[in-house]
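A single chain, nothing else alongside it, follows as structure tokens in the form predicted alone.
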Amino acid sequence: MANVVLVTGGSGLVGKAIQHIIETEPEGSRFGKKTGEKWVFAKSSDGDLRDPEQTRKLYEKYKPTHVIHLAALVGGLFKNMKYKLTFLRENILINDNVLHASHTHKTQKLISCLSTCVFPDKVEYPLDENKIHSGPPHESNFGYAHAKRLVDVQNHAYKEEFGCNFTSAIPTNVFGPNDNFDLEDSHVIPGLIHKCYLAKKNNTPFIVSGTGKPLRQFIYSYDLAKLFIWQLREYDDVEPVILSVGEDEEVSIKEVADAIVKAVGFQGEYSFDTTRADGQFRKPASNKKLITLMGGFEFTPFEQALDTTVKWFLQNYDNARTGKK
């Protein structure tokens, strides 16, 4: 029987990146598809994963031997703060249904996608895989963070009670083609790309919120896709793995904005609104475990990845998720 890999949240940033890698890497290579293997990229219209019945039907239809579970209710800071219960409840339902269906349909392996926001608010840096449950998450998104933490708890419980090969990945800040560029509700890179594009188009100043000093680790979606495929093929432990560039690869928001200005070809007035809050200064995560297990990995240089993302946005502006429909 050939393997069937089901990717939930298949139309999102990471799902589309995995699809790109599966379609472009040589068959049988480390990050390519295996001979005879079928990949299914499910989107929300294929079944509402909050509903156990629809989740069961999706599994019955495709009979996945392997699952990469990316589907989640996500939003920016404002939404997370306003709808804590909604984020908690809907993500608990989605995750519980996917994990349960993976168990009842005897799926051989399941990788769920967590987020670095699962980590405690007050914690010693760098973050590593052993610190997830060592204190409460940040107040601003405790609903979402707790729902994601619970996946790790369930993975351990399924393994102990039923021997299931369930695990999870914890990516840092992801960016790339097919991102959400909605100005109201996007992460920092896609938000700034869209803002800079509009400033160029309308001949207005490009103003970045905050001082530009905070540091972040950004991972290019196509790199992350390869790491998910690696984890699917070669990692069989219940403990999560942080999928990230090294802590020495932190980039300041100013460096991000500078690179965007260059990639967009913006030549107007460009400044920082220092009256706006900066958020956390830095929250570095260690990728030691990943690199030790993989024996090294070639990450795409940040500026090159950003350039590709900006080009994609400019070429696909009419169909991109911009919130301007």
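Fair warning: this is a prediction, and the values are worked out from it, not measured in the lab. Just count from 1 along the sequence shown to find any residue number.
What follows is about the form predicted in complex with a small molecule, which we do not show.
K.L.:
Can you tell me whether V74 touches the small molecule? I mean in the model of the complex, with a 4.5 angstroms heavy atom cut-off.
P.N.:
V74: yes, in contact with the small molecule in the model of the complex.
K.L.:
Is P284 close enough to touch the small molecule in the model of the complex, meaning at least one heavy atom pair within 4.5 Å?
P.N.:
The answer is no: P284 has no heavy atom within 4.5 Å of the small molecule.
K.L.:
Counting only non-hydrogen atoms and a 4.5 angstroms cut-off, does K131 reach the small molecule in the model of the complex?
P.N.:
Although the small molecule is absent here, K131 would stay clear of it in the model of the complex, with no heavy atoms inside 4.5 Å.
K.L.:
Within a 4.5 Å heavy atom cut-off, is A305 in contact with the small molecule in the model of the complex?
P.N.:
Although the small molecule is absent here, A305 would stay clear of it in the model of the complex, with no heavy atoms inside 4.5 Å.
K.L.:
Of F119, Y144, Y220, F166, which residue is found within 4.5 angstroms of the small molecule in the model of the complex when only non-hydrogen atoms are counted?
P.N.:
So the residue touching the small molecule in the model of the complex, by this definition, is Y144.
K.L.:
Could you work out which of L227, L127, C113, L99 is the residue within 4.5 angstroms of the small molecule in the model of the complex, going by heavy atoms?
P.N.:
None of the others qualify; the residue that does is C113.
K.L.:
So which stretch, 229 to 237, 157 to 165, 101 to 109, 173 to 181, is the one near the small molecule in the model of the complex (non-hydrogen atoms, 4.5 Å)?
P.N.:
That would be 173 to 181.
K.L.:
Is the small molecule in the model of the complex close enough to L13, R50 and L70 that every residue in that trio has a heavy atom within 4.5 angstroms of it?
P.N.:
Answer is yes for this spot.
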